[in-house]
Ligand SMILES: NC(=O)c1ccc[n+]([C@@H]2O[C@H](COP(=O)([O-])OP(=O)(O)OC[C@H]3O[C@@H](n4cnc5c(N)ncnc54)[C@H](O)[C@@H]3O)[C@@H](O)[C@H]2O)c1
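Next up: just one chain, as structure tokens, the form predicted alone.
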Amino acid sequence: MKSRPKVAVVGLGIGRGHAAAAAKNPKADLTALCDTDKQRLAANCKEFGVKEAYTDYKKMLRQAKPDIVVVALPNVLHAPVTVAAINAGAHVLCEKPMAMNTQQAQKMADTARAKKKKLMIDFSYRFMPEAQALKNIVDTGAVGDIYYARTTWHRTRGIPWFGPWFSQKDKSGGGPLIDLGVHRIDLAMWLMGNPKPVTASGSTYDMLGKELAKKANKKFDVEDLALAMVRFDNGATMLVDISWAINCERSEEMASYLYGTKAGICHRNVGEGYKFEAYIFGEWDGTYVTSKIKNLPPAMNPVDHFIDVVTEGTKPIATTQHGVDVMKVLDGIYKSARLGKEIRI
């Protein structure tokens, strides 16, 4: 683009962080914010010096005419708001998951292609220093061909009651699989080189969630645990194990292990929190070695990266097709669990 793009953020819950990043970026101008919560909207406009405030995203698109829109809304709104923004002439960075289902995700991708606009999904775990260091190692060939992955996110009691829509299927599309699992599944697939998923065999449970919801007087019609085996077109296999509520040892455990013909790698959280570490392990010169990846350079913020994608033609770390493929895996697992058999994706 010849001039600095105008950026708008829709949804100022998780979107507040995106607004902060856009406000600091010297290559773009944060010009509009949108949220149905007027108090939150006013506070964010004041904090970031934004004059154009909207409670209706359609009005924002008509009047503010942004070049870039960041969509940070409940899952059910990802597709309609993204499609509307693209049709209004904007490039879009959309929060994960891409949509409620593959059909919606494909419509988003097709619209972006038809309108010749950039569309990227915020797979934020790709933007961690530890994850990018592992990706660089994989790309050198040091791990060899990755043929097996297992990826996990467990919480003992971690249903997100702070959001009124997370546990309601008509607004979220599902429970921890589509909320948390999307991160670990995408990270594993990215490190594997984004092979195409071909089959899924999954199971879902709500053994603890229903009772916890009853005690909290909350609506709950999604799973609290999802398990799956996914096969890819290159013969690789991925095991998935994701929960909001399960009787396990640690209050929060995130880990992705990938096993290649030359070495294995791991991305996992430290202790019970959101600090992460990365490892590579394998045999070199007859000695089996486990090595922690150290001295990690900082990773780029996804908003900054997307602005570079739009303004400088930078190759996106997460493509539109990656978002569709991850959505196919999520859909496949849910369908397999519903039908009680392995299905083709």
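Quick caveat: nothing in here was measured; it's all calculated off a predicted structure. Residue numbers here begin at 1 and follow the sequence given.
The form predicted in complex with the ligand is left out here; the points below concern that form.
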*One stretch from 109-117, 162-170, 231-239, 249-257 that, in the model of the complex, holds residues within 4.5 Å of the ligand by heavy atom*: 162-170
_Please determine whether Ile86 contacts the ligand in the model of the complex, using a 4.5 Å cut-off between heavy atoms._
no
_Since only the chain is shown here, I'm wondering whether Thr290 would be in contact with the ligand in the model of the complex (any heavy atom pair within 4.5 Å)._
no
*Looking in the model of the complex, any heavy atom of Thr204 within 4.5 Å of the ligand?*
no
*Using heavy atoms and a 4.5 Å limit, would one call Pro97 a contact residue for the ligand in the model of the complex?*
yes
_Option touching the ligand, based on a heavy atom within 4.5 Å in the model of the complex, out of Leu73, Leu225, Met189, Ala131_ = Leu73
_Position in contact with the ligand when the complex is considered in the model of the complex, options His183, His154, His91, His267, heavy atoms within 4.5 Å_ = His183
*Who in 17-51 is close to the ligand in the model of the complex, meaning a heavy atom within 4.5 Å?*
Cys34, Asp35, Thr36, Asp37, Arg40
